[in-house]
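Before any questions on how it binds or moves, here is one chain, the form predicted on its own, in structure tokens.
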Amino acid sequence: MAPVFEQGSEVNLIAALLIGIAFGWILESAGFSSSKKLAGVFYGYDFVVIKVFFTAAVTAAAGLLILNQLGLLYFEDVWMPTTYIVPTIIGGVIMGVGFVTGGFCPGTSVCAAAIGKIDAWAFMGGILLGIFFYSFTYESIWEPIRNSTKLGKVKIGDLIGLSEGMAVFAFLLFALFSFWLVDTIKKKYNIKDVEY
């Protein structure tokens, strides 16, 4: 990711702190410090996580596309990680299992821990144990897996043969379909929003 200000500037640290505080405040305001609300998407009683995720992702994708078209920020200047298929699938499964059982993702657990939720502190303890396990077993177990199935720096549009604009448009349509689907499910099964 490109810095907000000149590389190496201390202003970047202040900007990061302020953005982090704002992000935490927004998560808390949206109820994302509640493990019940977050896990609700997996158990079928709360779909706010899906709507927030897709809204954020579409906004970011459309914003990057517009900035790129205006010549204010080029895709080539935005840092993007290298894609590894098998490690991504394994990491996704581990995170998914943790999300379903613990009710948090790593970011929301920090938000909830910051306001003193005990379950979030326990979840963060599990994250630390996982980090230590990964670190101590990296060479013997994870290193060969970590460096396998490398695709390089690719975007979904590249993989399915769409231009950047069409890929963002397709993603927008998928998000709108998801919104319609969860609203249809809520109406069909008379699912009411739960306050936390």
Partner chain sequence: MKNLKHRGKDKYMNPYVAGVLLGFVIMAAFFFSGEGLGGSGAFKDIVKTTVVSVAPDYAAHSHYFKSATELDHSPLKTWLAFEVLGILIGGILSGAYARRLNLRIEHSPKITSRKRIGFAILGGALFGMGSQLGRGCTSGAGLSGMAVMSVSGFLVVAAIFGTGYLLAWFFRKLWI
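Residue numbers count along the first chain shown, from 1. Since we're looking at a predicted model, the values are computed, not measured.
Just so you know, the form predicted together with the partner chain exists too; it's not on screen, but the next bit is about it.
Although the partner is absent here, residue 12 lies within 4.5 Å of the partner chain in the predicted complex, judged by heavy atoms. Contact annotation for residue 22: at least one heavy atom lies within 4.5 Å of the partner chain in the predicted complex. Of the heavy atoms in residue 69, none are within 4.5 Å of the partner chain in the predicted complex. Among residues of the shown chain, residue 16 is one whose heavy atoms approach the partner chain to within 4.5 Å in the predicted complex.
Residues of 40 to 66 lying near the partner chain in the predicted complex, listed in sequence order, are 41, 42, 43, 45, 47, 48, 49, 50, 51, 52, 53, 54, 55, 56, 57, 59, 60, 61, 63, 64, the criterion being any heavy atom within 4.5 Å.
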